[in-house]
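First, one chain by itself: the form predicted alone, in structure tokens.
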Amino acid sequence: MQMRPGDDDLLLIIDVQNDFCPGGALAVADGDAVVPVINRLAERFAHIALTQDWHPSGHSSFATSHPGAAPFETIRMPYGQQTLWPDHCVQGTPGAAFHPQLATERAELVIRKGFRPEIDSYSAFYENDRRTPTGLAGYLRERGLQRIFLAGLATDFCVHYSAVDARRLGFEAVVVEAGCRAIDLAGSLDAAWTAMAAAGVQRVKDVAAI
């Protein structure tokens, strides 16, 4: 398959925010290493979009919103199982800002997600109820964009859910592994790669393959 980006391809940069990088509230190990990779990758694309976790204070996915609960526990929510997280990416805080070295100037769209207090949102396309859309799919279709290259944080959560939803909605999806890092919570990374492969998501190692 031809990997060189064309006019109907989009680079979707997932949640490269301070709170997911070393020193942040929900730091992904080596998370800031994706920044130079993504910046090199972005030079090859005519179309770029970003996602940004954007939680109100007291969000229902925060462990602090559930007395007696601890981060990384799983609870039952009305829409299904939900991992509880440390407070992170709270609207307007430095932790919610994009990494300062991330090149964002050429991005045509920023999708903010997780802003509904009662529901978390991993995917760039849907909230965690798997039904409430962000509007990204409609934007891509109106723009005639058909193939989505994904990079960012974290491989096993927001990148994974976004890539699988892209396939579910009929888009081609390619994950650039060198531009991602994982949380790997109780085997979540292996499970994510298995689910992405089953959905028809393609996987490339690094920028040189594109």
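In this text, residue numbers run from 1 along the sequence as written. This structure is a prediction, so every number in the text was calculated from the model and none was measured.
The same protein also exists as the form predicted in complex with pyrazine-2-carboxylic acid (VGL); that form is not shown, yet it is the one meant from here on.
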item	value
Among 163-171, 139-147, 52-60, 38-46, the region lying within 4.5 Å of pyrazine-2-carboxylic acid (VGL) in the predicted bound form by heavy atom distance	52-60
pyrazine-2-carboxylic acid (VGL) contact in the predicted bound form: Ala154, any heavy atom under 4.5 Å	yes
Exercise: Leu26 in contact with pyrazine-2-carboxylic acid (VGL) in the predicted bound form, heavy atom 4.5 Å	yes
Contact of Asp15 with pyrazine-2-carboxylic acid (VGL) in the predicted bound form (heavy atom, 4.5 Å)	yes
Distance check, Ile183 to pyrazine-2-carboxylic acid (VGL) in the predicted bound form, heavy atom within 4.5 Å	yes
